[in-house]
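Given next, in structure tokens, is a single chain: the form predicted alone.
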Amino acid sequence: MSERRVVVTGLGATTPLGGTIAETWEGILAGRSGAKPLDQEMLDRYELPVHFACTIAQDPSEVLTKVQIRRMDPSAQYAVIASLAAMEDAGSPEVDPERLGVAIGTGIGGVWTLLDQWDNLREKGVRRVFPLAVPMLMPNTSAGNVSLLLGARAGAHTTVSACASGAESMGTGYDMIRGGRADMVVAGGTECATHPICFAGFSQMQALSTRNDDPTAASRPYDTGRDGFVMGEGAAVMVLEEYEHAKARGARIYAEFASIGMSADAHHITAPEPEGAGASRAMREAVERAGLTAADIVHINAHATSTPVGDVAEANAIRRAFGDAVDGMPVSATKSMTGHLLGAAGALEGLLTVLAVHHRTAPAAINIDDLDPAIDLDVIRDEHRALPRGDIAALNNSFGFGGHNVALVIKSL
């Protein structure tokens, strides 16, 4: 029996740069920051030290009904919007429901619902708690809602691995198809953690940029002036499909989803292993599972959050994984524009890697005025980089608190 290959046939997203993946890609190529001021009432009430975030550009009411919005946590709303768009982009295929799956990851889940309903309970009593509170706040609410709307019965899965969740969920979808459990999987990540408790928590660990006087310049991966990440929100989803299934229906194919590599640091609950041993293992595994070598990788979309420690650890890991082959290998840092979408970050960056391979264009990062000399990489700045003709492959990195490391390999087709 021949090996089942997995290809990408649809893309959908709602992000700080736009309500579609096309608008997001356009914003990336334009070098536009998605950072915006936070609501003034929230700032005044909680005296937050951070005054901005990369919140989504689209009002969910443009796509969803009032009833849907009332019955879904914002994280699920974003996932549904991105999933419906991805299926439409894939040509709205008719698929046997028992061969259609869902894998939507999140880092934090329904935090808005949880805390809003806690406020209701404390201030107004048990009878004012919304009857759907529990199904709205549980981490798998997004996968469940997408499965319901699409009628997907091959399985609805949720990976919760902090900021690697979206990428790992795409790997779950990949494994479902490779293993024969599904012919098509709607896979990605979602997050809406722009809640005061999340700003407070991340601020207390000094993980967020406090460049309040210049928000659009705050996310600056690899720059010597970086002071933390910029909180983002949104969702990104791709339609993964078995290759012969896609060919049989004449689907447009963006790229091949070639492999996933995963590892754990077992080092610290929040800090990466500084020499990048675990992250490099994930990268090497992804390349080997794709049947490639380091020399075949022509582009990396890095995790690159803009934290002083994390960026250096990832650079060490990339060098450790690829050795001299990394010289001249262009590296993108797209969080400089989108901010850090936490559990949706790996999904969005996976989609951007697909588009980089599809369009053979590696995006430039913004806000790098003075490249940190500790970053021994070919970081793309100022101008986008054209990728080679012929067969090419690119790698996307995602890492998360808890020591989760995920790397994806995307190939041209």
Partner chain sequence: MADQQEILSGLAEIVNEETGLDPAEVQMDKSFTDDLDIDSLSMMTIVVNAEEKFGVRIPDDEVKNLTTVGDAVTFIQNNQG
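Positions refer to the first chain, counted from 1. In this text the structure is predicted, and so the values were computed from the model without any measurement.
There is another form of the same protein, the form predicted in complex with its partner chain; it is not shown, and what comes next is about it.
S.K.: So which stretch, 59-67, 34-42, 378-386, 358-366, is the one near its partner chain in the predicted complex (non-hydrogen atoms, 4.5 Å)?
M.R.: In the other structure, the partner sits against 59-67.
S.K.: Within 4.5 Å, heavy atoms only, which of Leu132, Leu149, Ile253, Val309 is in contact with its partner chain in the predicted complex?
M.R.: Result of the distance check: Leu132.
S.K.: Of His268, Arg289, Arg128, Arg153, which residue is found within 4.5 angstroms of its partner chain in the predicted complex when only non-hydrogen atoms are counted?
M.R.: Here the answer is residue option Arg128.
S.K.: Is His245 close enough to its partner chain in the predicted complex to count, meaning some heavy atom within 4.5 Å?
M.R.: No.
S.K.: Please check if Arg319 has a heavy atom lying within 4.5 Å of any heavy atom of its partner chain in the predicted complex.
M.R.: Judged by the heavy-atom cut-off of 4.5 Å, Arg319 is well away from its partner chain in the predicted complex.
S.K.: Even though its partner chain is not shown here, does His195 get within 4.5 Å of it in the predicted complex, heavy atoms only?
M.R.: Judged by the heavy-atom cut-off of 4.5 Å, His195 is well away from its partner chain in the predicted complex.
S.K.: With heavy atoms only and a cut-off of 4.5 Å, decide whether Arg71 touches its partner chain in the predicted complex.
M.R.: Arg71: yes, in contact with its partner chain in the predicted complex.
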